[in-house]
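First, one chain by itself: the form predicted on its own, in structure tokens.
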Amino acid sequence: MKSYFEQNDKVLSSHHMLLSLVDIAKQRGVLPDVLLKGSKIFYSDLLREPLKISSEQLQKVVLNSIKLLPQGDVAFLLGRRLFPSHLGNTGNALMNCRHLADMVRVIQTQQIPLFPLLFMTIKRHKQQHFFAFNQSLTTLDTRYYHFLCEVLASALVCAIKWRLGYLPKLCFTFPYAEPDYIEQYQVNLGSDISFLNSVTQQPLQISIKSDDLYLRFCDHNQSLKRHYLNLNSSLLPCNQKAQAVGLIQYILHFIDKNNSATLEQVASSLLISTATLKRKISAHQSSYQQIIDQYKQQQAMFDITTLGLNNDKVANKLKFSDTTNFRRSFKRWTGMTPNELRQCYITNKGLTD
């Protein structure tokens, strides 16, 4: 079994998401077959049994929904519907976690059944946890990526409210310019929301006070949590130790473990030739160097803006030969020098409007 999937691989268990999109569309007068047009998915198939679909198919339906339902609230409505009933065994496991930190651990191990197209990395600094969500596949249409970010953010807010009974302070930073329907973000997510306008290749980031992660839920059941997680494990093929992840996610994880990894080493770990890996990455409109740059840029941005590290320390962490080379690379990535970025944050302008 492959350890990765690509845009046209039918591996996504998005049956409930599609049915919810169809239901929202029907409520607004859009017929199911119109919403599904061009996706090679038929409404009659959705009604019969759960389907495995590809990211390409999901993207087509999402783009249809954006065109046909332009109010800007569909992704947020969809996110609110996902938890817990549309998440199967994983949703039941999340409902029996002890606290938010416990839910985070489940989310980390259950990314594929939960939300396979965005993956989470976690950092901690000064009693604050930072959760970054990168794309597991390169999204070919930015509107699709924005939609996925909105669904994920809405689902997380719904889950936290459901389990705690209220919403602790969350800070959202979306990696794109402020949309026209900003009121949907404010109504569904709260008031602490910002948008990045001048820096590319940044992840969706959500931060929360570390103490808030350990607020106990009154009705948790660890035995039931383990039961539902075991049910998920039993569904894996006997020759597959873990579920496949998106190709870009796989490469970023490999680089994270060895940030001097070569293209040849990544290809060898995937059991494919270097030429084949180049071709697969190119199909994502990217290159291995661009993926390396994405990884280093995100690390540098966090180290500078959140950790407050100087150029020498950041360059050393990222294995640059000298600080001058790091500054030159950072300018190429972001259009500004590290010191210019620091000045933006010192003057409280950040990178937002």
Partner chain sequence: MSHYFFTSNKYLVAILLFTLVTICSTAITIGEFKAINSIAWVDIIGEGGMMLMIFTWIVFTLISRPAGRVTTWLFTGLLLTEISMLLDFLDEFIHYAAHNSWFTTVESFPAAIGMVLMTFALYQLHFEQQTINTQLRRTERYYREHSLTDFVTQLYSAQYMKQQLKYELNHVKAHHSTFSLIMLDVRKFNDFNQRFGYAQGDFLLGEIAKLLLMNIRDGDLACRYASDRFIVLLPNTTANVARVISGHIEQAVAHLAYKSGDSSTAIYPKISSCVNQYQGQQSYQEILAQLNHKMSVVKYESTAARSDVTCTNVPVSN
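Keep in mind that what you see is a predicted model, and the values were worked out from it rather than measured. Positions refer to the first chain, counted from 1.
The discussion below concerns the form predicted in complex with its partner chain, not included here.
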Please pick, from N89, S207, T138, Q184, the one residue with any non-hydrogen atom lying within 4.5 angstroms of its partner chain in the predicted complex.
Q184
Which listed residue (R28, K317, R327, K52) meets the criterion of a heavy atom within 4.5 Å of its partner chain in the predicted complex?
R28
With a cut-off of 4.5 Å between heavy atoms, is R80 one of the residues that contacts its partner chain in the predicted complex?
yes
My question is simply whether C158 lines the interface with its partner chain in the predicted complex - judged by any non-hydrogen atom within 4.5 Å.
yes
In the predicted complex, S260 touching its partner chain (heavy atom, 4.5 Å):
no
In the predicted complex, S223 touching its partner chain (heavy atom, 4.5 Å)
no
Of the candidate stretches 115-123, 244-252, 271-279, 211-219, the one with residues having heavy atoms within 4.5 Å of its partner chain in the predicted complex is 211-219
Sequence order please: the residues of 269-289 with a heavy atom within 4.5 Å of its partner chain in the predicted complex.
none
